[in-house]
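Presented below, as structure tokens, is a lone chain in the form predicted alone.
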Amino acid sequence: MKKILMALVAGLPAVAPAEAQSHRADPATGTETWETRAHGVALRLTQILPDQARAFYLSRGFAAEDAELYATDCVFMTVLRNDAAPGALGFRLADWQVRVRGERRALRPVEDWLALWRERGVPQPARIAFRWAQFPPEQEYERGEWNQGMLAVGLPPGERFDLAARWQVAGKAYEGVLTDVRCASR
């Protein structure tokens, strides 16, 4: 708690305490989920297996090679909820970071994916389906509101990483960190 108060006084993001993170594996599928709750906000990542992502995009008009590019980019179903924050929760994915082996990386913007799909000749209906399935690049949620979508973190299957998610509530910056998250490997 002292760290959070010092961070707020210094104008730095308040970091979610490590004990706020949970991890579980679905016994039927083996898919894993990580969740953290901090400052009235809940963030959850659930693995999407490469076969699931391939099937999803093949059925929406992607060529096999294009579906493969996305399916093997470490994809998660991402849920962000404003459960009890003292105001509107605002975020921008551009402020989130993946941390792997001491390196910090930004997430690939949805617009970059869409530009790649245009260059590769992915049909417009398939590009629209892609866009609507993705986690929003920025959003604001009042208390009780939430959203979900796919999020690719740009790592190979099986890689482990930390995700630092940043958001603002009532003009204050916060950060929730999910540690030791693992990309699906099959």
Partner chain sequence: MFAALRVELMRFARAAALAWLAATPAAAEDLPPLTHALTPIATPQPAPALKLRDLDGKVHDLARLKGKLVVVNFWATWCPPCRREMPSLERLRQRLENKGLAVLAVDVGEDVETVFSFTGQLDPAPAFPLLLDQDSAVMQGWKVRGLPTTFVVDAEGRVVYRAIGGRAFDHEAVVNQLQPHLPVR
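Residue numbers count along the first chain shown, from 1. Treat the numbers as computed from the prediction; the structure is a model and nothing was measured.
The protein also exists as the form predicted together with its partner chain; that form is not presented, and the subsequent description refers to it.
Colleague: Which residue, Ala63, Leu155, Leu69, Ala133, has a heavy atom that falls within 4.5 Å of its partner chain in the model of the complex?
Modeller: Of the listed residues, the single hit is Ala133.
Colleague: Taking the shortest heavy atom distance, is Arg24 within 4.5 Å of its partner chain in the model of the complex?
Modeller: Result yes; Arg24 sits at the interface with its partner chain in the model of the complex.
Colleague: Could you tell me if Glu119 has a non-hydrogen atom within 4.5 Å of its partner chain in the model of the complex?
Modeller: No, Glu119 stays farther than 4.5 Å from its partner chain in the model of the complex.
Colleague: Hey, in the model of the complex, is Pro125 touching its partner chain, heavy atoms inside 4.5 Å?
Modeller: Residue-level check for Pro125: yes, a contact with its partner chain.
Colleague: Answer for Tyr141 alone: is it within 4.5 Å of its partner chain in the model of the complex, judged on heavy atom distances?
Modeller: Judged by the heavy-atom cut-off of 4.5 Å, Tyr141 is in contact with its partner chain in the model of the complex.
Colleague: Looking in the model of the complex, is its partner chain within 4.5 angstroms of a heavy atom from every one of Asp73, Gln97 and Ala164?
Modeller: Looking in the model of the complex, the three residues Asp73, Gln97 and Ala164 all stay beyond 4.5 Å of its partner chain (heavy atoms).
Colleague: Scan 53-89 and note down the residues that get a heavy atom within 4.5 Å of its partner chain in the model of the complex; none is a fine answer too.
Modeller: Sequence-ordered list: Ala55, Phe56, Ser59, Arg60, Met77, Val79, Arg81.
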